[in-house]
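Listed next as structure tokens is one chain, alone, in the form predicted on its own.
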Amino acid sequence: MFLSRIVLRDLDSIDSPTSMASSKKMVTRDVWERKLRDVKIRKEDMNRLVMNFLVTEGYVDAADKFRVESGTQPDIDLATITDRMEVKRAVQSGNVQEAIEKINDLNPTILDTNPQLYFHLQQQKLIELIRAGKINEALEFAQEELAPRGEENQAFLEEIEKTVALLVFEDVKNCPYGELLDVSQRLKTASEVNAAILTSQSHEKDPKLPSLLKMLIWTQNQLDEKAAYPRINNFSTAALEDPSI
């Protein structure tokens, strides 16, 4: 990312026969790697990025080992990660009531101040009742717990209607909202819970590394319009690939 910005800034200073002969300027591997070596990134900054990722994603054991090996201190108590992951796992396994109780044990203001999160947890609870075939209990829960919230919020009402529609179809595969029963819906709700807990702890809700990766992709796309250069196409290896001429 830093390198791409430097080259974007310095393209006008690169003068070569190849660049003069085409609409795009050519940045050779030698020039690119030389500029790469000129970019100084402190190891401490890289370590903080790694720790941020481990903490945010909940890898408590890895974060603790990395703390010992690198001397990088996390910005929150690692013990709170275990509590947060227990809540996340409860949602992912469909134990919504257990998750709600654990959230309240952690910080009762989280659900009090986040009505959308609380609604989504209640919606997930309804989904789990439907998944378990507890139709009468699901209808009663929807009427008593969710319907009043739908009367106050149009967006909530639409979500309730989609969820209750699951009861109409004997085969949910034919229901247009059948994806609510997919594991991905549990993961979506769990991710929202995780973000809310992190926010309550004054921690970023998203790790910084993925954001930096998105910035790198954006920068390369911008650079593609101006130059041919050694590009990173495989982000798992970060290998540079020579530009096509």
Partner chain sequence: MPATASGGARPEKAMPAPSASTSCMGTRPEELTARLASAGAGGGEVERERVRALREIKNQIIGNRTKKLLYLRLGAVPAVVAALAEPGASTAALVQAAAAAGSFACGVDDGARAVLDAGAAGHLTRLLAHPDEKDRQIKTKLILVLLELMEEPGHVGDEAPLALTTLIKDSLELQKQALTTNAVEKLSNHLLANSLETRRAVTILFALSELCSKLEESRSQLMSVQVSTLILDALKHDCEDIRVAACSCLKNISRSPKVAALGVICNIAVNLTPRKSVLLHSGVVSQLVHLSKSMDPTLRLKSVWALRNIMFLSSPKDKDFIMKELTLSTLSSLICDSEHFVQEQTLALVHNLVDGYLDSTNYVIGEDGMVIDAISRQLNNASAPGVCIQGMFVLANIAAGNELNKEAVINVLVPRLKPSFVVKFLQSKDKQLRVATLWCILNLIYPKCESASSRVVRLQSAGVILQVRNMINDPCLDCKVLRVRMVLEHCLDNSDDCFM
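What you see is a predicted model, and the numbers here were worked out from it, not measured in a lab. Residue numbers count along the first chain shown, from 1.
The protein also exists as the form predicted in complex with the partner chain; that form is not presented, and the subsequent description refers to it.
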Under a 4.5 Å heavy atom criterion, is residue 167 part of the interface with the partner chain in the predicted bound form?
yes
Does residue 111 reach the partner chain in the predicted bound form, with heavy atoms at most 4.5 Å apart?
yes
Is there a non-hydrogen atom of residue 149 within 4.5 angstroms of a non-hydrogen atom of the partner chain in the predicted bound form?
yes
Evaluate residue 93 for contact with the partner chain in the predicted bound form, applying a 4.5 angstroms cut-off between non-hydrogen atoms, and reply yes or no.
no
Let me know the one among 77, 137, 158, 86 whose heavy atoms come within 4.5 Å of the partner chain in the predicted bound form, would you?
137
Can you tell me which bits of 182-204 touch the partner chain in the predicted bound form, meaning any heavy atom within 4.5 Å?
202
